[in-house]
Ligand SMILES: Cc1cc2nc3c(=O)[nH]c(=O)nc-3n(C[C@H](O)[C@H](O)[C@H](O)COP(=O)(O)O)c2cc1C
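Encoded as structure tokens, the following chain is the form predicted alone, with no partner shown.
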Amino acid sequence: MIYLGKIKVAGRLMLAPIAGYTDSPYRRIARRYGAGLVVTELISAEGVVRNNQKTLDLAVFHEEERPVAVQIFGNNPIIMAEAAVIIESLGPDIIDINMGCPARRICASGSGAALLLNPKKIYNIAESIVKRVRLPVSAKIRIGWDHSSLNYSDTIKALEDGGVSAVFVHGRTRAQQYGGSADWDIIRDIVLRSHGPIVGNGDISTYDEACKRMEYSGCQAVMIGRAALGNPWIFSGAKPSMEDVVKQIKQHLDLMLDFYGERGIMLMRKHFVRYIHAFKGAKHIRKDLVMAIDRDKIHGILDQLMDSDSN
């Protein structure tokens, strides 16, 4: 049984947030397949405070997603706290602070992974949010800005002193972006140094690998990002058949249409590629699938994929 603050999470394998992919429909799917916690895409604290509708739309979630964390980013402790109060009113289970996004546009403003250069500000942001909300507060970090500034010990201390309930650690530096290897030795060291729950993240591609990472590092849980796209079965370790995959794609498409309207077809295209890439005959229908403009046409193409797999 795992708790983040007072929130009981549903399992030890969690869905990491990925901009453009882990929207409400996919978070619902991940929970159905056993993800213990799901997290929204990163949301601008400035946008929340300014009541920007596009920003607030990113915070929308379905009851099926619970337990769900809403992730915010920014670099001003006062604005971050104000945004957290607004987010709390929407009723999520956890508020997560993004301190690990390596994207240039985020870091250029002093947000995301740029905060790793300033443990004092990390403390100020964490404390300001924790004081203003009743929900558990977590933070997502990387192990440092680059390998010459691996100040994760200072970062963890600042977060714990600031009152956060848990820390999600991606085992890469900001300089690595998503290349190279995640350093699970450092994640293990963080677990040994920490007083609260640590959730590890990075280079987990299978259910078995997730279990091995937890055993090695001592993490209470792990987050899975890119390997979960098109593969929600990773949270349970199940091995899907082609029939399972086709059925799931159809269900995902319906969730997208319900959530986004007809725009859901266009937004689903990147998911099609993730679901089918490993199957025989996939390359021959990929173009047709991503060019299809209605539900019936997509179903026909998927049925064609089923036929090709059985021949």
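Since the structure is predicted, the reported quantities are computational estimates derived from the model, not experimental observations. Note that residue numbering follows the sequence shown and begins at 1.
Omitted from view is the form predicted together with this ligand, to which the following refers.
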property	result
Interface segment, criterion being heavy atoms within 4.5 Å of this ligand in the predicted complex, picked from 118-126, 170-178, 151-159, 237-245	170-178
Contact flag, Asp183 vs this ligand in the predicted complex, heavy atom cut 4.5 Å	no
Contact of Arg226 with this ligand in the predicted complex (heavy atom, 4.5 Å)	yes
Exercise: Ala45 in contact with this ligand in the predicted complex, heavy atom 4.5 Å	no
4.5 Å heavy atom contact, Asn201 to this ligand in the predicted complex	yes
Any residue of 12-29 that, in the predicted complex, places a heavy atom within 4.5 Å of this ligand	Ala16, Pro17, Ile18, Ala19
